[in-house]
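To begin, one chain is listed below as structure tokens, in the form predicted on its own.
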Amino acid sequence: MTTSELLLNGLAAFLTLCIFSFLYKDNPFYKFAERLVAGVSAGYWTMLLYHTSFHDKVIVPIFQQGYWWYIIPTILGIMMWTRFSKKWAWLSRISLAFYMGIATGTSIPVVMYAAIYKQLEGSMNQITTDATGINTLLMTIGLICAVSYFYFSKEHDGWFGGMSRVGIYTLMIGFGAGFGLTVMGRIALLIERIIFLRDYLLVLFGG
């Protein structure tokens, strides 16, 4: 490991320990690392958005490629900044209206396809006698029972009440699995940081 890499890894190790110090209590080291991360992130994303959005979508098309009609969305984008003025704030509503309309029109078909159509298609697979068919059968039963839980036009008693209860269990299993994946992801990040600190100390002290 070169001297520059040793210094950079030492800075990373110091900042990692500063974040971990919050486990003891709130302290100046944690506040310093927290504000440093926020400031670096803000600066990085500002420059990234400038080069990938403003420069490539405004400067290059208008001044280098001659696409003068790009001035229209540019003006709408500038009008967004009028939100900071009490006198001209109403102009930003025009830009917001265009943005919300376009975003809604482009996102609804995608959401419908990914969250509804593909999910329904996945629940209509052919049921076979192998392990895949059993999983499909269980998934279909869980889907129907979970949907029945949200059907409030019929009293949840008798056989329908049993279905809705199975639907509750299905939902709890899904929520538990999602929470477990989130926790395991955070634990994986913690383990990665601990391994980094261990390896750095071994290199630093020649272990």
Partner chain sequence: MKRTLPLVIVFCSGILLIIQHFIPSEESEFLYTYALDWIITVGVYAIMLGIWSLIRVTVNKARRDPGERFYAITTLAGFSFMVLTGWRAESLHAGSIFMTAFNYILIPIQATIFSLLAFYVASASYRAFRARSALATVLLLTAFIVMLRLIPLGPISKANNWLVGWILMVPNLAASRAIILGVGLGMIATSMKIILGIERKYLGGD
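Residue numbers count along the first chain shown, from 1. All of these numbers come straight from a predicted model, not from anything done at the bench. Whichever C-alpha set is largest while still superposing within 1.5 Å between the two forms counts as the rigid core.
The same protein also has a form predicted together with the partner chain, omitted here; what follows describes it.
Enquirer: Applying a 4.5 Å heavy atom distance criterion, does V60 contact the partner chain in the predicted complex?
Expert: Judged by the heavy-atom cut-off of 4.5 Å, V60 is well away from the partner chain in the predicted complex.
Enquirer: Taking heavy atoms only, is G39 within 4.5 angstroms of the partner chain in the predicted complex?
Expert: Yes.
Enquirer: Hey, in the predicted complex, is G162 touching the partner chain, heavy atoms inside 4.5 Å?
Expert: Output for G162 is no: heavy atoms all beyond 4.5 Å of the partner chain.
Enquirer: Taking the shortest heavy atom distance, is P28 within 4.5 Å of the partner chain in the predicted complex?
Expert: Looking in the predicted complex, residue contacts with the partner chain include P28, since a heavy atom lies within 4.5 Å.
Enquirer: Going through 65 to 79 from first to last, which residues have a non-hydrogen atom within 4.5 Å of the partner chain in the predicted complex?
Expert: The stretch touches the partner through W69, Y70, I72, P73, T74, L76, G77, I78.
Enquirer: Inspect the rigid-core superposition and answer whether the C-alpha of F32 shifts by 2 angstroms or more between this form and the one not shown.
Expert: False for F32: its C-alpha shift is below 2 Å.
Enquirer: Superposing on the rigid core, does the Cα of Y169 end up 2 Å or more away between this form and the one not shown?
Expert: After core superposition, the C-alpha of Y169 moves less than 2 Å between this form and the one not shown.
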